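Next up: just one chain, as structure tokens, the form predicted alone.
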């Protein structure tokens, strides 16, 4: 496997990731949108780079980049995405226009970091008002920036800080201490449920709000107003996700809110996301991400070799290259020459491809069609009645079922659990053949958004709905088949679903 690592990004998190990988003796290329990127010794920097296309598999990715009008191709064993947050001033939400006395948070941070400008603007008795939490919910990272500015401001002789805010987000290391420090040094916080009235007439500023305790309006005429900013995902993420074939999260970040992906994983093996690429994060959390990423890189490509066992095997005589498997694979593990090829490194063994293949040309190790049907027959011949088969995802429902048995929950005497790698492996033939020999069938998957294969539960539900149609055609009550979702700790719910099925089939 190629031990080169490509880091995509142009900010502090990307540089730190590249330097850390280089220190661990991995050849690193840092490719990002910036023109003035700096990195440590041993890191190749490609400035002004955009990812055009990514092919290959973990250990052997080929990445095509466009950099300053030129095409660049790089080989990489692993790809690390460390993009930056998009920062947008929210002056318009408060009816303000940027100027000498009205600044965005970034503008004020730049001001206090410049000795000459700071001394000129903040000389004399100056009142600075901060507005935050009314145009958006806010977050601890934004709050830390405001509290740091307040702390700096209260240390300047003659300056006074006022903070108009909705919710004070201090759920991060040191923020509560920083908040109290500012108050002790004279900063005043107005915690309001509604945004104050703000007016701007040239350099004349006014902030007014109604105090329910005093039952009157309180007005302040600050010298400077500092307005909050929104911190959102990089707007290039959709195009980058398409090129990398990884999933976008609901807020546009490059990681879905899936417990199986945390902390730095994507739906594709060998493509990791750290720092602001996956969430609104400060540098402390980004460093933790980088530590986790390095562990994953070492486990995957190590010193350039990896011993793997094929999880899914293609029968090349049966394969007709319809590419159904390629389209449905949630992990980007399938390519083709004149037949389908499944990468043993990229494959995560969910079995969706095997169950979707119209030619039955793909078999999953330990979960072949023959082995699955043998387990169904064994369940039919087991003691107890009525006979119920539960196809259980090993990542959720199977653990819940084992917990229910261990905690002595009441379960049907005729219940037999069949473990599957993912509910997406439950073929419609398994369901129909099971109903030919048992009284009821349960298909138990992960909750929406928590499927390790992202869409295995979706495929399972589609197949159950298809089975309902077929059962109706042959006159079998569809109540004998139930689809449900569970988490691994839901033992009580597993027992309830199983007992409900027992009661249904007894009535039928």
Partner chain sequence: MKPKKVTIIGGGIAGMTAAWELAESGVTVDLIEKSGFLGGHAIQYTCKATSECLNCGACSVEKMLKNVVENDNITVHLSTEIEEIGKASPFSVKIKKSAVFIDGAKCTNCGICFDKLKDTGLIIRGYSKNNLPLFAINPDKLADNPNSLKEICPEGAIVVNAAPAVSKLTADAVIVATGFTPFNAARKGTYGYGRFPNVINGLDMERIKRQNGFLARPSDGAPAKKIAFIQCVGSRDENLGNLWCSQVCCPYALRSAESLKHKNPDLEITVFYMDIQNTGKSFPVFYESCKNDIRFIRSIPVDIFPEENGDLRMRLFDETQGSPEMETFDVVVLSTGIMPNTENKKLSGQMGIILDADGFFAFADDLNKTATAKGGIFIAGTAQGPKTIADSMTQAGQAAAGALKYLGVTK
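For clarity, every value in this text was computed on a predicted model and none was experimentally measured. Numbering follows the first chain given and starts at 1. By rigid core we mean the largest C-alpha set that fits within 1.5 Å across both forms.
There is also a form predicted together with the partner chain; it is not shown, and the following applies to it.
Visitor: How about residue 258: is it within 4.5 Å of the partner chain in the predicted bound form, going by heavy atoms?
Guide: So residue 258 counts as contacting the partner chain.
Visitor: Taking heavy atoms only, is residue 172 within 4.5 angstroms of the partner chain in the predicted bound form?
Guide: Close contact exists here: in the predicted bound form, residue 172 approaches the partner chain to within 4.5 Å, heavy atoms only.
Visitor: Just to confirm, residue 447 within 4.5 Å of the partner chain in the predicted bound form by heavy atoms?
Guide: Yes, residue 447 lies within 4.5 Å of the partner chain in the predicted bound form.
Visitor: Can you check whether residue 228 is within 4.5 Å of the partner chain in the predicted bound form, heavy atom basis?
Guide: Residue 228: no contact with the partner chain in the predicted bound form.
Visitor: Could you tell me if all three of 16, 168 and 287 have a heavy atom no more than 4.5 Å from the partner chain in the predicted bound form?
Guide: Judged in the predicted bound form, 16, 168 and 287 all sit within 4.5 Å of the partner chain.
Visitor: In the predicted bound form, which of 99-107, 369-377, 262-270, 308-316 comes within 4.5 Å of the partner chain (heavy atoms)?
Guide: Answer to the contact question: 262-270.
Visitor: I need to confirm a contact call. Of 295, 428, 322, 218, which residue comes within 4.5 Å of the partner chain in the predicted bound form, counting heavy atoms only?
Guide: Looking at 295, 428, 322, 218 one by one, just 295 meets the 4.5 Å heavy-atom criterion.
Visitor: Quick one: from 86, 239, 341, 192, grab the residue that has a heavy atom within 4.5 Å of the partner chain in the predicted bound form.
Guide: Contact residue from the list: 192.
Visitor: Going through 401-432 from first to last, which residues have a non-hydrogen atom within 4.5 Å of the partner chain in the predicted bound form?
Guide: In sequence order, 402, 403, 406, 407, 409 come within 4.5 Å of the partner.
Visitor: Superpose the two forms on their rigid core, then report whether the C-alpha of residue 184 is displaced by 2 angstroms or more between the shown form and the other one.
Guide: Residue 184 C-alpha, core-superposed: shift of 2 Å or more.
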